[in-house]
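The chain below stands alone, shown as structure tokens; this is the form predicted on its own.
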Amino acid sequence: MTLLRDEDLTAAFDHAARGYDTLVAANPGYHAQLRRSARRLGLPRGGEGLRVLDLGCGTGASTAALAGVLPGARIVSVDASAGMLARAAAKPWPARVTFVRAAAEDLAGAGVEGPFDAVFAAYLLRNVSDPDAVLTTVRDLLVPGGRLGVHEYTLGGRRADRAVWTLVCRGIVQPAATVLGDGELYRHLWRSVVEFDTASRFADRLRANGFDAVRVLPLPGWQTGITHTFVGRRPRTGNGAEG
């Protein structure tokens, strides 16, 4: 199969929204890992007075992680899928959390404007058609010195990493998703990871798009070598772009 992109991917997520929380709940440590990545942003404790963008919020798991780690921050949560966003917005949230429907490639068109003190993107960048363009937009939305946190499936480069990922997807995730009628989306999930950057290459991509102080941090459990936290910073002077 070819990868799903743009409107086709959004439609697939719309359809999958009803069963999405059930599937991720079966992933050991899913929510704890998101909270760990949110803490790795290294923002002031509590986040009082900060403004944070949750880019690609899905049904709100990443938003919940940010809200738990940064109880004083104002959080703008964005997703392109109306179905996923409706599931997220229907959950109980404090007034400091707002939801906006927008594609990562067209934040300005949806009225999402900076500056933000931090941007958090979970399971997003391997799904966009032009990750470099999205990263450039994100950098420009940040205050000088603002933080980017990316929580993403990015293989570590060992043959075993791909083998474990394939075993989990084909043995557990895809059969369950097929029962729910969402097999195509989760076949895309497997392929999108094996065809995307390795962890080291994604770190290089962040640097090439103007982020400094880039760190690659593995996550524990079965996802070691499969899921990583990436932390970068918009430079305090200049735009940081190379070339």
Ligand SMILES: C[S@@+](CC[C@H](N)C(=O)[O-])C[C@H]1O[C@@H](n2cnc3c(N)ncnc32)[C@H](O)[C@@H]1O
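All values reported here derive from a predicted model rather than from experimental measurement. Residue indices: 1-based, along the sequence shown.
Although not depicted, the form predicted together with this ligand is the subject of the following passage.
Shown here without its partner, the chain carries 30, 34 and 84, all of which come within 4.5 Å of this ligand in the model of the complex through at least one heavy atom. Among 105, 113, 132, 140, the residue placing a heavy atom within 4.5 Å of this ligand in the model of the complex is 105.
Residue 124 is the only one of 97, 124, 155, 118 with a heavy atom lying within 4.5 Å of this ligand in the model of the complex. A residue is said to contact a partner when one of its heavy atoms sits within 4.5 Å of a partner heavy atom; residue 80 meets this definition for this ligand in the model of the complex. This ligand is not drawn, but in the model of the complex it has a heavy atom within 4.5 Å of residue 58. Looking at residue 9, you'd find a heavy atom of it within 4.5 angstroms of this ligand in the model of the complex. Of the heavy atoms in residue 128, some are within 4.5 Å of this ligand in the model of the complex.
The chain is drawn here without this ligand; in the model of the complex, the stretch among 211-219, 36-44, 66-74, 49-57 whose residues come within 4.5 Å of it by any heavy atom is 49-57.
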